[in-house]
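A lone chain, given as C-alpha cells: the form predicted on its own.
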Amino acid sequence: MARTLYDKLWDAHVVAQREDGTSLLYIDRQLIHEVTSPQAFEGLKLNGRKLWRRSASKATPDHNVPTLDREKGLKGIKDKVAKLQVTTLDENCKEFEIEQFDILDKRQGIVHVVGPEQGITLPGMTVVCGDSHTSTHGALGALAMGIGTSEVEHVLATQCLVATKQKNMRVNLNGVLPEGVFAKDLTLAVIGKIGTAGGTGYAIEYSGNCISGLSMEGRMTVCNMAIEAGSRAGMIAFDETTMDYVKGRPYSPKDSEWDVAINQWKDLHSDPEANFDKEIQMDVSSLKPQVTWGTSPEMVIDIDSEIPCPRNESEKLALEYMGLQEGMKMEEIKLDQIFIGSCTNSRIEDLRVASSIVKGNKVSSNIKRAIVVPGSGLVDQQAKEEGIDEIFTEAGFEWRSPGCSMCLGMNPDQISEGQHCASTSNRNFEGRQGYKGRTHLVSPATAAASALSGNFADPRGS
C-alpha cells in the first residue's frame, strides 16, 4: 500500500492503538528549554518517577536568556522570574543527569537551531519539545511536534506520547525563486494563500522542485512556520541535501552506523501513488518579497502592494492596532526597530544574506535600534570568523549573543508601544514583541534593506 512520508513516520513509531482513537507514539528525541519544563520536572519529583531514557533528552536555555552581558552567565539575568527559570533548568538537568548546553556553553542557542546543528535531530525521528515551532525539525525528514508541559512530563517518564493521527496535506511549490526572494517569503506566501487555519487537522508535507532546490536552512524556515498555517507538523522528504547536512555532525551516526542509517533514511519520502487528503499547488516563479501588515501571519502582501480593504472585523481591528489604513503602500510605513534573528531566521545563511545587503551601508537615522541575534553560539562563532558581525556593527546594527531575543519579548529585547518593527521572526500577534508593539514579518533580506531605508524597502533593488 502506498504511503505518505507522514504515514511512514507515524507507522514506524506507533506503540499501541487506544480505544478512544488515539495512539501511543514512541518519541525518539525530546528537546527541553527553561520555560515549559519546570512543572514537568516537578511532576516527576512529586510522583517519584525517573526518566525512561535519559539520553533521549537534550536541553538548552533560550527564551529568557539575555543577549547582552552573556559572559556574566546567570548573574547577567536581571529579571527574577527569568533567572529562576534558567536556574531551575540547570538544577533539573543536573538532578536527572540530562545533557544541557547551558548559558555559558558555546553550543547554547535557540533549541530549534541547536537540535539540527548538533545532529541531535535526525531523519526518521519523532521529535518533541514544549514549543510550538518544533515543526522546524521536520525539514530533516522527521515527525516533529510542539507539546504541552504535561506532555513534556509524560515523555520524560515514558518516552511515549498520546497523540491523534492527522490527515495528510501536500503543498507543492514549483518554480525557481526570483533574485531577492527567499524561503521566508515562500512560507509567508503559503500562509497567505491557505490561511492560519488552512492546515488545521493536517500534517503538511512540502514538496516540489522549489523545495528540493532549497538549502536545509531554507527548508527549516519553511517547516518552522507550518504551525502558523494551523498544522502541528511540517516535513520535507529526505534527499542528498539532507544527507550532506546531517553527515559529520556531533550526534550523527558514524562509520558503519552511518551506512545503516542511510539505508533506512532513503525511504523517507512519499510513495508516488500515496494519497493526500488535501493538496495545494503554487508556482513561485514570480513570487515577490512578502510583508505582513496586520496581526496575523495570514495578513500578508507583496512588498510593492497596497494594504487591502478589511474583509472582516478581525482585519479592521488589526489595521487599527497597527495604526495603518487601507490603500497605504508598505514603503510609506516608517520603521522604528529591526530584528534579525529567531528560530525562523537566525542561521548562518540568513546572516550571510542580510550582511551582503548591509555591507558598506549605514542604518537609517530613523531607526532607533537594529539588532542581529545569531541562533546559537556556533552560528555566532562562524559569523565572526567570516567577518559578518563587523559588517553589521559597522553599519550601525547591534550584534548580540544567542537566544530567542525579540521574537517573543520574554527578555529585555522588546519594542515599545506604538513602534513598528521589521522582524524575521514568525508571529506578529498583538504584544508579541512588546506591549502594544507592532510587528511586521519579513525575510532577513527585506529586514536588512529596510534598516538602511528607515521604511520598508524591496531587497531586489538593494
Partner chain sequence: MNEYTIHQAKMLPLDRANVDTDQIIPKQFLKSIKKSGFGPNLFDSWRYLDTGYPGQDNSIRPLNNEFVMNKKKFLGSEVLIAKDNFGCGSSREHAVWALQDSGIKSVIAPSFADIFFNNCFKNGLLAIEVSDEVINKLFELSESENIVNIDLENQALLDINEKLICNFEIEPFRKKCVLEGLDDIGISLQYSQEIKAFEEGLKQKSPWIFR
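Whichever C-alpha set is largest while still superposing within 1.5 Å between the two forms counts as the rigid core. Residue numbers count along the first chain shown, from 1. In this text, all values refer to a predicted model and were calculated from it rather than measured experimentally.
Beyond the structure shown, there is the form predicted together with its partner chain, which is absent from this document and is the topic of what follows.
Undergrad: By the heavy atom within 4.5 Å rule, which residue out of 131, 185, 205, 380 makes contact with its partner chain in the predicted complex?
TA: Looking at 131, 185, 205, 380 one by one, just 131 meets the 4.5 Å heavy-atom criterion.
Undergrad: Give me the residue from 269, 170, 369, 154 that has a heavy atom within 4.5 Å of its partner chain in the predicted complex.
TA: The option sitting close enough to the partner is 154.
Undergrad: Is residue 215 close to its partner chain in the predicted complex, meaning a heavy atom pair under 4.5 Å apart or at it?
TA: Residue 215 lies outside the contact set for its partner chain.
Undergrad: May I ask you to check whether residue 432 falls inside a 4.5 Å heavy atom distance of its partner chain in the predicted complex?
TA: Yes.
Undergrad: Although the partner isn't part of this model, could you tell me whether residue 177 comes within 4.5 Å of its partner chain in the predicted complex, counting any heavy atom of the residue?
TA: Residue-level check for residue 177: no, no contact with its partner chain.
Undergrad: May I ask you to check whether residue 305 falls inside a 4.5 Å heavy atom distance of its partner chain in the predicted complex?
TA: Residue-level check for residue 305: no, no contact with its partner chain.
Undergrad: Do all of 19, 55 and 125 end up near its partner chain in the predicted complex, with near meaning a heavy atom within 4.5 Å?
TA: Every residue of the spot touches its partner chain in the predicted complex.
Undergrad: Please name which of the stretches 323 to 331, 101 to 109, 145 to 153, 355 to 363 has residues with heavy atoms lying within 4.5 Å of its partner chain in the predicted complex.
TA: Selected range: 145 to 153.
Undergrad: Across 297 to 317, which residues bring a heavy atom to within 4.5 Å of its partner chain in the predicted complex?
TA: Contacts from 297 to 317: 298, 314, 317.
Undergrad: Rigid core superposed, CA of residue 20 - does it shift 2 Å or more between this form and the one not shown?
TA: True for residue 20: a C-alpha shift of 2 Å or more.
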